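To begin, one chain is listed below as structure tokens, in the form predicted on its own.
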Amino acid sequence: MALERELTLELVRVTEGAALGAARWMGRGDKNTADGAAVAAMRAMLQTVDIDGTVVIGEGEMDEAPMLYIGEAVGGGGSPVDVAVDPIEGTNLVAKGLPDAIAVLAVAPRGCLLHAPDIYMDKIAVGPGAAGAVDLDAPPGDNVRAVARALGKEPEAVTVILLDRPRHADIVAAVRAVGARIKLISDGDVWAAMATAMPETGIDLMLGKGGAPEGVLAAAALRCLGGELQGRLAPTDEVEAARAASMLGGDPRRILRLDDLVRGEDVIFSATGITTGDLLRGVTFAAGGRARTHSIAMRYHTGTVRHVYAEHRLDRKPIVGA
């Protein structure tokens, strides 16, 4: 089933609302209140969209924040769809006023988004130029060299992005051993995966372990952009392993490819910047009760990628949850 094309800009309105709600709390040191504002705005805006939606990727089942919970019904009625949300990817980034916090949403026909458990996932992501060249099971250095060959550059010119975590020390050492450049980030591996498919960011390869729900959101974006993401669930105990096996209907350690994470013939993805970063401009508040946002919206069915710059009159359209 192909989704209605009019949904694309309607979903931009949803991530714009979440970004506007969160942006009031930028740098104020209160990530939970910022998250609550983003959730309230996203939930309210989703109810205006003509979908019969079910949230299959929410903020995290164990999070005590006022989340859009897994299984929640959203939308005003219409096409039956799966909905994946992250009202703020990077709550710490918002709280500290740091770059690259975004509001994220993906929608696909019902049954087309993997209902990923809220556990870790090992991931590798590349853009269109290196799609098909990488292997999650290969050593990091081999993947760097494979990306270099695919892109027609030397390994020393490849830039790898990954979360700055102690668990990634071995990956960092292996990447440095082949001479590649590294960009370490504190939070936000959805935008990091997207960056591999957007040449203006200068990012060629994403590696490392992050959240499985974020892996599904990143896969939705890379499916639209023509890139590639491979993932493998990484349960930390027997309970997580059993749950992962149940949700996957089999081996929880098998490699998950784009078609496993995002199935079907269509998906729509939208993200709006909250704080300015490599990918998107953040929300700015101007005189006269105005605010400006920068969003990216894309659809797999058509291959269209839109950058949407908007000015909002907050005296006419107050921020929900502010």
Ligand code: VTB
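Quick note: we count residues from 1 along the sequence shown, nothing fancier. As the structure is a prediction and not an experimental result, all values here were calculated from the model.
Quick note: we don't show the form predicted in complex with the ligand, though the next part is all about it.
Participant: Is there a non-hydrogen atom of Gly127 within 4.5 angstroms of a non-hydrogen atom of the ligand in the predicted bound form?
Facilitator: It does not: once the ligand is placed as it appears in the predicted bound form, Gly127 has no heavy atom within 4.5 Å of it.
Participant: Hey, in the predicted bound form, does His115 get a heavy atom within 4.5 angstroms of the ligand?
Facilitator: Flag for His115 set to no.
Participant: According to a 4.5 angstroms non-hydrogen atom cut-off, is Lys96 in contact with the ligand in the predicted bound form?
Facilitator: Taking the distances in the predicted bound form, the answer for Lys96 is no, it never comes within 4.5 Å of the ligand.
Participant: Can you check whether Asp189 is within 4.5 Å of the ligand in the predicted bound form, heavy atom basis?
Facilitator: Contact with the ligand, yes.
Participant: For a quick test of understanding: in the predicted bound form, does each of Arg223, Ala297 and Tyr300 have a heavy atom within 4.5 Å of the ligand?
Facilitator: Verified in the predicted bound form; spot residues all out of contact, no.
Participant: Could you tell me which of 130 to 138, 162 to 170, 98 to 106, 240 to 248 sits within 4.5 Å of the ligand in the predicted bound form, going by non-hydrogen atoms?
Facilitator: So the stretch in question is 162 to 170.
Participant: Would you mind picking the one in Asp204, Glu214, Glu228, Asp122 that has a heavy atom within 4.5 Å of the ligand in the predicted bound form?
Facilitator: Looking at the other structure, the residue within range turns out to be Glu214.
Participant: Residue by residue through 78 to 104, tell me which have a non-hydrogen atom within 4.5 angstroms of the ligand in the predicted bound form.
Facilitator: Glu89, Gly90, in sequence order.
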